[in-house]
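Encoded as structure tokens, the following chain is the form predicted alone, with no partner shown.
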Amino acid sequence: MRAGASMDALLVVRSGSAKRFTLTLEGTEQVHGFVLPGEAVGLEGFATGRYGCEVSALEPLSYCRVPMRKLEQLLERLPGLRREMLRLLGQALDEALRLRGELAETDARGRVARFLADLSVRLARRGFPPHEIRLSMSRADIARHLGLTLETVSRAFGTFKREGWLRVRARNISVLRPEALAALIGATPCV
């Protein structure tokens, strides 16, 4: 998927993961988010008829491509699908607004904690264990997504590990104390 291309389909990830990003004028990536199994890619295209982001697979990826003409026919015939699309659009808007506010008001540790909490919730929604997270994205991608430096993200992970909140083995994260991360960001832990 290329930013600026005409929206001709909606993609739904079946397995694997991807990142959504744009390139700055300087040519660096600005990471807007990560897509997990069961999530749709290209929702922003409904606003202008063009994709707003580049999408790049972070690991082997399979997806279902739903052409726009077919999607429009299905939306007319299936009220349940229409409601689900509205829910997805509302959820995307809510997440974008929340992230924007948090980036302005939260310190680095809080941003990393929120990132892990959000991943945990999204995994739980899809039936995966919420406290066992495999980070398919690099720490540099996480940093670009959160508006932090790579070193700051690494320090936050190190601090959470030393405090006994996480067990970190390469890209595998076990959340040992979800209540501690939740308290840091003022949220309810994902059960």
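The shown structure was predicted, so the numbers you read here are calculated from the model rather than taken from an experiment. Residue numbers run from 1 along the displayed sequence.
The same protein has a further form, the form predicted together with the DNA, not shown here; the description that follows concerns it.
**Q** Of the options Val31, Leu166, Leu148, Val41, which one has a non-hydrogen atom that comes within 4.5 Å of the DNA in the predicted complex?
**A** It is Leu148 that has a heavy atom within 4.5 Å of the partner.
**Q** Even though the partner isn't displayed, in the predicted complex is Arg171 close enough to the DNA, meaning a heavy atom within 4.5 Å?
**A** Result yes; Arg171 sits at the interface with the DNA in the predicted complex.
**Q** Check whether Asp107 has any heavy atom within 4.5 Å of a heavy atom of the DNA in the predicted complex, and answer yes or no.
**A** Yes, contact at 4.5 Å.
**Q** Hey, in the predicted complex, is Ala47 touching the DNA, heavy atoms inside 4.5 Å?
**A** It does not: once the DNA is placed as it appears in the predicted complex, Ala47 has no heavy atom within 4.5 Å of it.
**Q** Would His131 count as a contact of the DNA in the predicted complex, using a 4.5 angstroms cut-off between non-hydrogen atoms?
**A** His131 lies outside the contact set for the DNA.
**Q** Can you check 32-40, 119-127, 153-161, 50-58 and let me know which stretch has heavy atoms within 4.5 Å of the DNA in the predicted complex?
**A** Comparing against the DNA in the predicted complex, the contact stretch is 153-161.
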